[in-house]
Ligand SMILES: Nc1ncnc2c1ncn2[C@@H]1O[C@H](COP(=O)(O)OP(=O)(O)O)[C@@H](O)[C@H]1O
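Take a look at this single chain, the form predicted alone, given in C-alpha cells.
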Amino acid sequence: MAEKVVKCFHQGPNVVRALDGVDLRVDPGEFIAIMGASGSGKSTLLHAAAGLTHIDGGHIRVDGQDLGAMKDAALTRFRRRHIGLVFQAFNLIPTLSAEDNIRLPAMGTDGLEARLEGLLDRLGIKERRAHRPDALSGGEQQRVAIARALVTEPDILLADEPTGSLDSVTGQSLCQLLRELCDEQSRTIVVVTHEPAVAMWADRVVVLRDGVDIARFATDGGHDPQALTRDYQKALAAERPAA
C-alpha cells in the first residue's frame, strides 16, 4: 500500500515531515491496525492511502494502481469503486435516511438493491433504514457509515478512529463486526487507532512515531489488550534509529 511515503507540511518557516519514508504492505483479506500518539502521522497515512492527501514522495498503491500518478477525475472514480472510507465523525448527510445515505455512493450501479439489503441485514440496521441520522444512536450511525463504505464492494476499507465517538461497549461491538467482515468476507481492513482495545482485533499492528514506522508486530489473534499495550509502549519507548 505505502512505499517510502513522504508527506510534508509547512508551519511558518519550518517544514514538518508528517510522514518520513513510511513503508506498509497490506495483503488482501488482512486486518491491520495503525497505532501512534497524536501527531504521529497515522491519520495522514490513512488519508494518503485513500487518495485524499497528495504525498511529496514515494508511492501509494491500491489494487496495483499508483494513486499519485492519477489525475483528479480518475482518482475520484477509482476511490469510489475500490476504497471504502469510515470516519470517527460518521459524516452522514443529516437530511437523508439511513438507507439513502448507504445508497448514495453506489447510485446507478448493478446489483445495488441486493447489496443494500444484505448490508442492512448483516449490520443489524434493517429496522432503522427509514430513520435519519439524528434518530439513530452513535453505534447505529457508525454501522450506517460502514454500510455506506461497503456498498460499492471496495477492495479495501479504511477506518480513521472509528470507535472514537462511541462508548466502550459499542466500540467493542463495532470492532467485532470489523473482525467478522474480515474473516467471513475476506475484507481488507486498515484501522487507525490509539486504543489497544481496538488494535487487538487486527492481525497485525504497525506503530508510527514522528512520521516513521518504528515497529510492527502480530496480535496472534489473542485479543489480549494488556500484552498489546506492553508491546506498544515498548515500541514508543525505544530510541528512534539513526538516519
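The numbering used is simple: start at 1 and walk along the sequence shown. Because the structure is predicted, anything quoted here is derived from the model rather than measured.
We do not show the form predicted in complex with the ligand, though everything after this point is about it.
Residue contact with the ligand in the model of the complex: residue 39 places a heavy atom within 4.5 Å of it. The shortest heavy atom separation between residue 65 and the ligand in the model of the complex exceeds 4.5 Å. The closest heavy atom approach of residue 44 to the ligand in the model of the complex falls within 4.5 Å.
Taking the partner from elsewhere, residue 18 is found to have a heavy atom lying within 4.5 Å of the ligand in the model of the complex.
The candidate stretches are 31-39, 177-185, 199-207, 57-65, and the one lying within 4.5 Å of the ligand in the model of the complex by heavy atoms is 31-39.
With a change of no less than 3 Å, the CA-CA distance between residue 170 and residue 88 is larger in the model of the complex than in the form shown.
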